[in-house]
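Next comes just one chain, in structure tokens: the form predicted on its own.
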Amino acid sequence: MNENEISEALKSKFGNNILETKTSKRRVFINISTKVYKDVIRYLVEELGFNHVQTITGVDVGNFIEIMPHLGRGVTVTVKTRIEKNRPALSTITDIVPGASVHEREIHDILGVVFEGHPNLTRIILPENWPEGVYPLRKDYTPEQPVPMKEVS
């Protein structure tokens, strides 16, 4: 399937739940409502053969966090959805694509997104003694200035 055929198949299957689509060479970008997030991923994997998770991107965009899995099979499909920052939860896709596990753990660690149903949301990037509820890739995070080990004269 080429980019336009993939885009049309998604629009045909999910209708108005596909909020926006864009295509470019070997890329398809879709913006979807969260209520069909897992269904879209399942369709891409099980019906269209996009069973490789290249990565999952998480971005703080103010009042929302955008989650964007990038699924590949010659063409890369990026699925973007938004969740509320004050309740950052989204269903895991690890039961559909086990390779998503590490990426969801990273996003949980650095943005605080809870992937509901994930089998192991333990720390993967931040140190074990990192403070709970502090997420370094959120816009409201302010890093502390390091304390010098010794005074320089």
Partner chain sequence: MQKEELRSEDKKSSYELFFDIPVGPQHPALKEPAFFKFKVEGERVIGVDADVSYNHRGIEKALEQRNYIQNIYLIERICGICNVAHTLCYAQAVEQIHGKEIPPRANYIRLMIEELARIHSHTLWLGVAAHEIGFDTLFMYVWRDREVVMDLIEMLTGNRVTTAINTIGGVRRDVSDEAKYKVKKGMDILEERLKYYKKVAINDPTINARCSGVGILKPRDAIKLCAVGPTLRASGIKNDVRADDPYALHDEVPFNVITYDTMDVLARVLVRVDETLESVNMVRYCVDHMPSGEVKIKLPLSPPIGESVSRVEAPRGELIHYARSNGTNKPERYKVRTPTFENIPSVCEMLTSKNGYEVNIADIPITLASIDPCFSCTARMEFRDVSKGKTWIWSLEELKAHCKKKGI
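This structure is a prediction, so every number in the text was calculated from the model and none was measured. Numbering follows the first chain given and starts at 1.
Missing here is the form predicted together with the partner chain; even so, the following discussion is about that form.
A.B. asks: Of the options Glu66, Glu47, Asp39, Glu116, which one has a non-hydrogen atom that comes within 4.5 Å of the partner chain in the predicted bound form?
C.D. replies: In short, Glu66.
A.B. asks: Just to confirm, Tyr43 within 4.5 Å of the partner chain in the predicted bound form by heavy atoms?
C.D. replies: Although the partner chain is absent here, Tyr43 would stay clear of it in the predicted bound form, with no heavy atoms inside 4.5 Å.
A.B. asks: Since only the chain is shown here, I'm wondering whether His70 would be in contact with the partner chain in the predicted bound form (any heavy atom pair within 4.5 Å).
C.D. replies: Contact with the partner chain, yes.
A.B. asks: Hey, in the predicted bound form, does Leu137 get a heavy atom within 4.5 angstroms of the partner chain?
C.D. replies: Result yes; Leu137 sits at the interface with the partner chain in the predicted bound form.
A.B. asks: Evaluate Ser91 for contact with the partner chain in the predicted bound form, applying a 4.5 angstroms cut-off between non-hydrogen atoms, and reply yes or no.
C.D. replies: Taking the distances in the predicted bound form, the answer for Ser91 is no, it never comes within 4.5 Å of the partner chain.
A.B. asks: Would you mind checking 20 to 41 for residues with a heavy atom within 4.5 Å of the partner chain in the predicted bound form?
C.D. replies: Residues within 4.5 Å: Lys22, Arg26, Arg27, Phe29.
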